[in-house]
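Before any questions on binding or motion, here is one chain by itself as C-alpha cells, the form predicted on its own.
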C-alpha cells in the first residue's frame, strides 16, 4: 500500500513513523499543503492538515480517485463533512475515512460498543489532563498569537476546562487576543482561561488521555458499569489510527465499497494487517 502524507506538523510526523512501521505499507512521499496535489502518486493520502482545511484537500484528492484519511475533530460538523465527501467519493470511486483520530475516532468505536452492551444509560467521556492538538492549532491561528498551548482539564461527567497559554507577537494586545480566542467555536462552549506566558515551549508537552465511563442497562438488568482508560502521546496515537484507517479504506475500495465513512461504520478487522483467518484465530 503506497501511502502519502499531506501536512507535516505533529500528526504528520507521527503518521510518517507509523507508515514506516507498518508491514504492508510504504511511504509514497510527504507533501506540504502548498504543493501541487496532482504530483501525489499514492493509493491513499493521510490528510494531516489543520481541521478547517480538511474538507478542501480531501475533496480535491477524492476527485482524483485517491482514498483519504483525516482526523477532523469538530464533532458537530462531522455529519456535514461526511455528506459532502460521500458524494465526491461515490462519483470518483474513492473512499474517505474522516475523523480518524482517537476522539472522534477510536473512542467513538468504544462508545458504540458500550452502548450495544448497555443500550439504555449514560456515557461520560472525560479528556485529559493533556494537550488538545485541535484546540492548540485553533489558538495559534488567532491574530497576534506567536505560539500557544491548549490544555484540557477534565471536571467530570464529560465537562472540561480549557487552559490556553499564549505567547504573543510583539505589540499584540492581550485583551484583543483573549476576546478573539474566547469567541472561536473551539472554545466558546467550555470554561476557558487564557493565560499570557513568555515562552510556550517551556510548558509544552504532547501527553493526553481519556476516562470513558458508561452506566446502563443490559436487557432489564440495571447497574451495568463499564470503564475505559488510557494515557497516551497524542500525535503518536492519532497518526497510528490514521494509518490503520488507510488500510481499511483501501480494503473497502478493493471491495467496491466507495464513499465517506466514520470509524464506527468500519469493520474492525479491516484496520489490522493479516488475513481474516489469522486474525480470527488470534482474536476471537
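Just so you know, these numbers come straight off a predicted model, no measurement behind them. Positions refer to the first chain, counted from 1.
In what follows, reference is made to the form predicted together with another copy of the chain, a form of this protein that is not presented.
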TODO: Although another copy of the chain is absent from this view, report whether residue 266 comes within 4.5 Å of it in the model of the complex, heavy atoms only.
DONE: yes
Open item on the list: Check residue 75 for me: does it contact another copy of the chain in the model of the complex (non-hydrogen atoms, 4.5 angstroms)?
Closed with: yes
Open item on the list: Please determine whether residue 226 contacts another copy of the chain in the model of the complex, using a 4.5 Å cut-off between heavy atoms.
Closed with: yes
Open item on the list: Within 4.5 Å, heavy atoms only: does residue 53 come near another copy of the chain in the model of the complex?
Closed with: no
Task: Proximity to another copy of the chain in the model of the complex, single hit among 204, 115, 90, 157 (heavy atom within 4.5 Å) - done: 115
- [ ] For the three residues 233, 272 and 280, verify that every one has a non-hydrogen atom within 4.5 Å of another copy of the chain in the model of the complex; reply yes or no.
- [x] yes
Open item on the list: For the interface check, one of 131-139, 165-173, 192-200, 80-88 should have non-hydrogen atoms within 4.5 Å of another copy of the chain in the model of the complex; which one?
Closed with: 80-88
